[in-house]
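Quick setup: one chain, the form predicted alone, written in structure tokens, and binding and motion questions come after.
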């Protein structure tokens, strides 16, 4: 960490301290924990874009997958579901899916028995169609039964929330593998379009699969890896103090996770793996000519970045204690992450963390600051005999986008490589 980085992080610490004085310890502790989760997500994007040059615009999909995983693992068991015929029906669905997978894989290996060319293609189309029919014949009755019973959905497993974070990273990695196998052969702009589309598909699936996620009905409350404010209140702690203490403890857990991830990523960045990824990013044709498997390495880095996004998405859902698929919006869960990385500095892990902490606090406080200014201006206009400003609250929320636009414009104008730009020093 060089002098420039230390200065910026010192200023950032002062920024948070001043915000805490004005807005109170409870609110600033909440924003601090949320900002740490976004720092994990920004690190994931930095691995994909800063290290590998992969233009991923499907961040929201990874966050939703992570949130779903945290909910599935940590939410209490639904006894009504397990006492019904739902598990048996879902077992039949799993068998049907396995049969379909075997058909598709077998069709893909048809060349081994002499079926090639158009005949193989035709056989593959037939196999996919048969697999779809077999799967749908089992999933539709199972879904109809589960949603019609008192259970309503399958529920969770009642395990520790940290296991939900781990599963969030694993599930996001699996989804990233599928996306990468489909999309990573595309150029940068086409890759961005493909990831946007796949992210919207994931959102539609999670939002409408009521039997699995409860959809727009939401799932709450989720457990914390540390005592929740309501648990601390039951132990005799005052309401205001319980929120501060609980969030500070959550902050400590998430800080340990972020520190461990940052250490590992920094080590990888300074070693041979990091040099190879930068070589592929800067000139993938030259890297391929040197014998590097470009597509496999890009898939690898795409998966690594998605793991961090899944963990960050799981941590956010755990903190908020609610999983609401309808609350995910591209401006909050994709565009904002890109702004964090661009302002902080792509290719620099410290820049990604700084950008996440700085931009998130600015994003959240700009609404309150705009309300304060608009209310003051409206009162002054009324005293002057002019009509006041209508719909102050909605106008203030819209000002956040303007303020963020100003921040990113200034950053691109005066520090186009970010406030903490990429630097490289080989590790012995």
Partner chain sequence: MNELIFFFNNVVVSGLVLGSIYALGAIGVTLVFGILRFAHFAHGDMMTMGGFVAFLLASLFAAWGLTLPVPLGFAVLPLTFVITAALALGIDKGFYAPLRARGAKPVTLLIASIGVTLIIQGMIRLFFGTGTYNFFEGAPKELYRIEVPLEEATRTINFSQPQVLLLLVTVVTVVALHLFLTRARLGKAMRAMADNADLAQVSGINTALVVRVTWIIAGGLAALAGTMLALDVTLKPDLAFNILLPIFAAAIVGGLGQAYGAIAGGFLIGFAETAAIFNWSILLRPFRDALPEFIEIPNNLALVPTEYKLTVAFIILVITLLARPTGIFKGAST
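Take the two forms, superpose them, and find the largest set of C-alpha atoms that agree within 1.5 Å; that set is the rigid core. The shown structure was predicted, so the numbers you read here are calculated from the model rather than taken from an experiment. Numbering follows the first chain given and starts at 1.
Another form, the form predicted together with the partner chain, is not on view; read the next lines as being about it.
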Problem set entry | Check all three, 190, 194 and 200, heavy atom within 4.5 Å of the partner chain in the predicted complex | yes
Problem set entry | Interface residue in the predicted complex among 82, 263, 132, 119, criterion: non-hydrogen atom within 4.5 angstroms of the partner chain | 132
Seminar exercise, completed: The listed residue (251, 338, 177, 273) that reaches within 4.5 Å of the partner chain in the predicted complex by any heavy atom is 338
Exercise. Are any of the heavy atoms in residue 205 no more than 4.5 Å from a heavy atom of the partner chain in the predicted complex?
Worked result: yes
Exercise. Does the partner chain get within 4.5 angstroms of any non-hydrogen atom of residue 405 in the predicted complex?
Worked result: yes
For this session: Please check if residue 38 has a heavy atom lying within 4.5 Å of any heavy atom of the partner chain in the predicted complex.
Result: no
For this session: Look up in the predicted complex whether residue 360 has a non-hydrogen atom within 4.5 angstroms of the partner chain, and give yes or no.
Result: no
Seminar exercise, completed: Answer among 163-171, 303-311, 67-75, 327-335 for heavy atoms within 4.5 Å of the partner chain in the predicted complex: the stretch 327-335
Problem set entry | Neighbours of the partner chain in the predicted complex among 70-108 [non-hydrogen atom within 4.5 angstroms] | none
Exercise. Any chance the CA of residue 370 moves 2 angstroms or more between this form and the one not shown, core superposed?
Worked result: yes
For this session: Indicate whether residue 29 shows a C-alpha shift of 2 Å or more between this form and the one not shown, with the rigid core used for the fit.
Result: no
For this session: Once the core is aligned, please say if the CA of residue 404 is shifted by at least 2 angstroms between this form and the one not shown.
Result: yes
